[in-house]
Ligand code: BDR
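What follows is one chain in C-alpha cells, specifically the form predicted alone.
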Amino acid sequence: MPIPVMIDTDPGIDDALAIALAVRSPELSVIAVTTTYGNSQVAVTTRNARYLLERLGARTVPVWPGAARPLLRPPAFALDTHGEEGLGYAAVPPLPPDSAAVPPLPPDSIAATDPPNQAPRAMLETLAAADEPVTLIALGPLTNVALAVALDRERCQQSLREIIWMGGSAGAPGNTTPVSEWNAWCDPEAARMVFAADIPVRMVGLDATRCVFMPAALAAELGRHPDPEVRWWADMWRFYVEFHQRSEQLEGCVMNDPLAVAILLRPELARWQPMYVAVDCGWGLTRGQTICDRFGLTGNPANAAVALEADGQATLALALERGLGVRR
C-alpha cells in the first residue's frame, strides 16, 4: 500500500520538483498539502502549490494555507532566490483578488493568531482521519508543524510515523548566515519545538542536499526540450541557475528539496547518523544554527537522524524521471 504523506511547503523552485516527485511516485499517497511563508509570502506559496498540483494532475489533493510569519519574529522572504512569483521565470496565474500582504506583527502574538492560518488544524484533522500513521515531509520553515504540535502533541506523536525536514546543517556552511540554513533561520523557535516533540525526525540538511546539483548545461538543454511542459519547468531552473551563478559563482543550481522526498522512496540515497540536535534561537550570526552532537558530547539522547551525504546524481535523475518523465 502507498505510504500516506502530508507535505508542508513554501514553493519555491526546488519545492516544486519535490512535489512533482511525491505526487507522481506510486509508492506514496499525498493526502494533504499545507503551505507556509518562506520562499515567498504565504498567498504566493499557496497559489503556487495549487497551480502545481493542477499541472501535475493532482488537483483533488487539498491545499490548506498556513502561517504568514514565524512564531515570534518578523517574516523574511527569499525573493532573490526564487523570484517575485516564487517559481522563477515560469508563467503562473495571477494571485486571487482577496490575497493580502502579511499584516503587521501584533505585540506578543504568534503565527497562530493569523486568521488565514488553517494549516495546523488541517494537519491534525488529517492525522485523525488517517487509517495508518502518516509521514510529514516539511520543505520550509517549521512554523505550521510547531503549531500543530502545540495544539495536540499527543495526536502528532500517535499519528505521525515521522517528520522528514529539509532544513538545517550538521557541518556544511550555511546559506543564510555562515552557519545557518534558511528554513532553520526563518523560525528557529519552531524548529526547536519540533526537535523536542518526541516524534521521529529525519533532518535532511545542507550536508546532503548540496549534493543534488543540476548543471547549467542540463538546465539549458531542458529549456530546448520538445515538450512544452518540460520547457515550463526549465523556466524555473533558468532563474535558479542565474541566482546560483550570481550568489555562489556556480555553473548550475542546488536542488535541495527533492532529496527529502527521494529518501522516503530510496533510503539508501543518503547516509544517516542519529544525533542530538539543538537549535540556536539567538539573533546574531548563529541564529538558526542546528548544533548536531555527532560524538555524544552533550550526553543527550539522539532526537533526529541526520543526513550527512547523499547520492545527488541518482536523486536528480529520479526526480526528473518520476516528476517530468525526463530520463537521464
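Just count from 1 along the sequence shown to find any residue number. Just so it is clear, the model here is predicted, and its values are computed rather than measured.
The next section is about a form of this same protein that is not shown, the form predicted in complex with this ligand.
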query: Position in contact with this ligand when the complex is considered in the predicted bound form, options 35, 48, 290, 39, heavy atoms within 4.5 Å; finding: 39
query: Contact residue in the predicted bound form, chosen from 208, 119, 166, 142 - any heavy atom within 4.5 Å of this ligand; finding: 166
query: Interface stretch in the predicted bound form with this ligand - options 149-157, 211-219, 122-130, 180-188, non-hydrogen atom within 4.5 Å; finding: 180-188
query: Heavy atom of residue 135 within 4.5 Å of this ligand in the predicted bound form; finding: no
query: Residues within 4.5 Å of this ligand in the predicted bound form, restricted to 232-264 and counted by heavy atom; finding: 256, 257
